[in-house]
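The chain below stands alone, shown as structure tokens; this is the form predicted on its own.
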Amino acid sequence: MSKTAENLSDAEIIERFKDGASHLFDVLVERYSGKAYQIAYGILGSKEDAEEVAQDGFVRIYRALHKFRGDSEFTTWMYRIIVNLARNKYRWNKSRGARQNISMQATPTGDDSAPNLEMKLPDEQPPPDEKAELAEFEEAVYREMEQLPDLYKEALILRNVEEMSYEEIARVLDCKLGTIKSRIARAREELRKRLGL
């Protein structure tokens, strides 16, 4: 009995992708595009920029997947790409103050070999029954997180929003475990001060 594409592990999908089943890449996009978007949004604070980074990230992953050796988990490799792209976009926005809007269904210009990625992004609207106080508090948390130094903000997003382990964060950000623990502790302390908690 063969597994359906959705039931394949990341490693099995990558192996079959390398053997020519490029259509299976869609499973990885469906599986992880929401997470990629959330990471990018946490760093950039902009829906349009987060969409751009998530799409660009998956285009890059598609192009490089044949070279992926599996030295780390696919998700660690993917998160590292998304974090780096989000950092670059953040720096670009900061230095130039401009944003570029693109369609999530558009194929990148000039490259017909890249997949036409259609991502299912999480709905940012709170459920109707969510209380206004909670929405205001979440907004205040995100606003204050945006003010944290980048090193703290990235680590805190990966830990609290993405619920990654300290070890995974250390691999994604290419830092020592102790450094990550210290950054997250400092970020939380700074956030508590800023929120008056």
Partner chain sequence: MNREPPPNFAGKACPTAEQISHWHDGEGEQNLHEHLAQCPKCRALADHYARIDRAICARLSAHDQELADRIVRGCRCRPRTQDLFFNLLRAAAVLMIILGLAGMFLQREPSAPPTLTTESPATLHQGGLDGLEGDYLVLIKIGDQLRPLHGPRLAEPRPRTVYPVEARERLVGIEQARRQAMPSPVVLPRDVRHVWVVGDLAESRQKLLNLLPEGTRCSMPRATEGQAMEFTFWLGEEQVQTLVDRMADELGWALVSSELPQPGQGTRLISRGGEIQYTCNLIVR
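Residue numbers count along the first chain shown, from 1. Remember, it's a predicted structure, so these values are computed and weren't measured experimentally.
FYI, the form predicted in complex with the partner chain isn't displayed, but the following is about it.
- Report whether all of L8, I13 and N93 sit within 4.5 Å of the partner chain in the predicted bound form, measuring from non-hydrogen atoms. Spot residues vs the partner chain: no contact at all.
- Query: Taking the partner chain in the predicted bound form as the reference, which of V161, A170, L151, L65 has a non-hydrogen atom within 4.5 Å?
  - Reply: Checked against the cut-off, the match is V161.
- Item | Contact test in the predicted bound form: I184 vs the partner chain, heavy atoms, 4.5 Å | Because a heavy atom of I184 falls inside 4.5 Å of the partner chain in the predicted bound form, the answer is yes.
- 4.5 angstroms heavy atom contact with the partner chain in the predicted bound form for E144: E144 lies outside the contact set for the partner chain.
- Item | 4.5 angstroms heavy atom contact with the partner chain in the predicted bound form for D49 | Flag for D49 set to no.
- Query: Is H23 close enough to the partner chain in the predicted bound form to count, meaning some heavy atom within 4.5 Å?
  - Reply: The answer is yes: H23 has a heavy atom within 4.5 Å of the partner chain.
- Does any residue in 170 to 197 get within 4.5 Å of the partner chain in the predicted bound form, counting heavy atoms only, and if so which ones? Heavy-atom contacts to the partner chain in the predicted bound form: K181, S182, I184, A185, R186, R188, E189, L191, R192, K193, L195, L197.
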